[in-house]
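Next up is one chain by itself, shown in structure tokens, the form predicted on its own.
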Amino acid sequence: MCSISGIINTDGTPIPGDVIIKSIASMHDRSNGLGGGFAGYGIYPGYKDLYAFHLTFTDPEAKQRTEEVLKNCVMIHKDESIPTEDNPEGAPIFWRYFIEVPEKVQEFEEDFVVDLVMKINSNINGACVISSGKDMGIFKGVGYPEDIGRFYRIDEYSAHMWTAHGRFPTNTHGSWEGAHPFGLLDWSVVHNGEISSYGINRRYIETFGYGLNQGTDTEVVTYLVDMLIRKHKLSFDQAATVLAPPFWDEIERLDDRELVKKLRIIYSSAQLNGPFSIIIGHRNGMVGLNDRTKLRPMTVGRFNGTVMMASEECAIRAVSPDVEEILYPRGGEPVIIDLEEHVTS
């Protein structure tokens, strides 16, 4: 179960938030009301050079302690309550901060921000940084995705790229912080499936300083993506080979088999086992990936300079009934879209 959807205008034209709500709502029955969420890119043009921290707090004390940490290490240009409809019973406090890192750490500012996120999430009980990128934000919670969209007033935002998720929890309980997307810096990940290698993946990524707090497999996928691409400088194709590698007998038939062998050996503990389809958002585009045997669905549609990915074709046709092209990527084959109108699959 679970539903995922993503839409991007490759020329950077803004897309109203109600479009992604319509897409994910068409797959209502793939959710069960215990999780939904959205990530929007390009939603803060007035603060595009600042990191936008979205946080949830279970109580005012957690908020106060977090603000003490932030004021000691970054400059807060603006902070405010995230606009929502009336909070349901049991919902946390929602707040956002637009921050600038000190000049002395700007040479390694992304590592600085990651360390700050890990510090808050691991050390301040009741506080959770749910997104921390520039000119983007994640909005998520307990409910059907279309209800979460209305709750956060997503239709009041516009973004050149959106991703969305409807959750059907299997191994973890539904919670505001544990809903998808999961984010770090400008990365966001929505995921349908189950990562059976979670224990190995978690122990591996923790050796690189990432702290996992939600016990959810999508969280570890997000951190693996950050490590492989940002830290270790792998391409998206190479990272996909690590996460969903070909079988050994298939590798022998590849032209680049020596490289693929090295990637599979070096990053053996980063391989994702189990059925999954994921959509990865980042500042320059969107990537879709299935497990190598495609045990979870993914459909790609293209129309008028727009590219969509979704669990089902209906989520694409809900937005564009006359979509020009429908693709069904093979297992382990990434679909890579960027903002320069360059699409490969």
Partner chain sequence: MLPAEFFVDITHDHCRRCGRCVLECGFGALRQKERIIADHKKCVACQRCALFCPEQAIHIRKQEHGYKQHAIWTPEVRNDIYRQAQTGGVILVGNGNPMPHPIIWDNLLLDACQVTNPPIDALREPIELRTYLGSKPQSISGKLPDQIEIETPIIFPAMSYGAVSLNTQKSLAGAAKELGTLMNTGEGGVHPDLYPELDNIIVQCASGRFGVSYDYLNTAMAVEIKIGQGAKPGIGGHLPGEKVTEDVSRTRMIPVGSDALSPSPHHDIYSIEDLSQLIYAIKEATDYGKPVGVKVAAVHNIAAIASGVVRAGADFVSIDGYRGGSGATPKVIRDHVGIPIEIALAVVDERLRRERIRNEASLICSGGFRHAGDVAKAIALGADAVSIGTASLVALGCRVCQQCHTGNCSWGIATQRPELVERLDPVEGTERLVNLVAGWSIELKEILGALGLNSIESLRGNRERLRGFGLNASTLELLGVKEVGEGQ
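Treat the numbers as computed from the prediction; the structure is a model and nothing was measured. Residue numbers count along the first chain shown, from 1.
Just so you know, the form predicted in complex with its partner chain exists too; it's not on screen, but the next bit is about it.
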Candidate stretches 152 to 160, 255 to 263, 94 to 102, 178 to 186, one within 4.5 Å of its partner chain in the model of the complex by heavy atom
255 to 263
Selected contact from 211, 215, 88, 126, since only one has a non-hydrogen atom within 4.5 angstroms of its partner chain in the model of the complex
215
Please identify the residue among 198, 144, 112, 236 with any heavy atom within 4.5 Å of its partner chain in the model of the complex.
198
Quick check: do 230, 302 and 330 each get a heavy atom within 4.5 Å of its partner chain in the model of the complex?
no
Is there any non-hydrogen atom of residue 122 lying within 4.5 Å of its partner chain in the model of the complex?
no
Answer yes if any heavy atom of residue 84 is within 4.5 Å of a heavy atom of its partner chain in the model of the complex; otherwise answer no.
no
Does residue 194 make contact with its partner chain in the model of the complex, using a 4.5 Å heavy atom cut-off?
yes
Contact label in the model of the complex: residue 274 to its partner chain, heavy atom within 4.5 Å:
yes
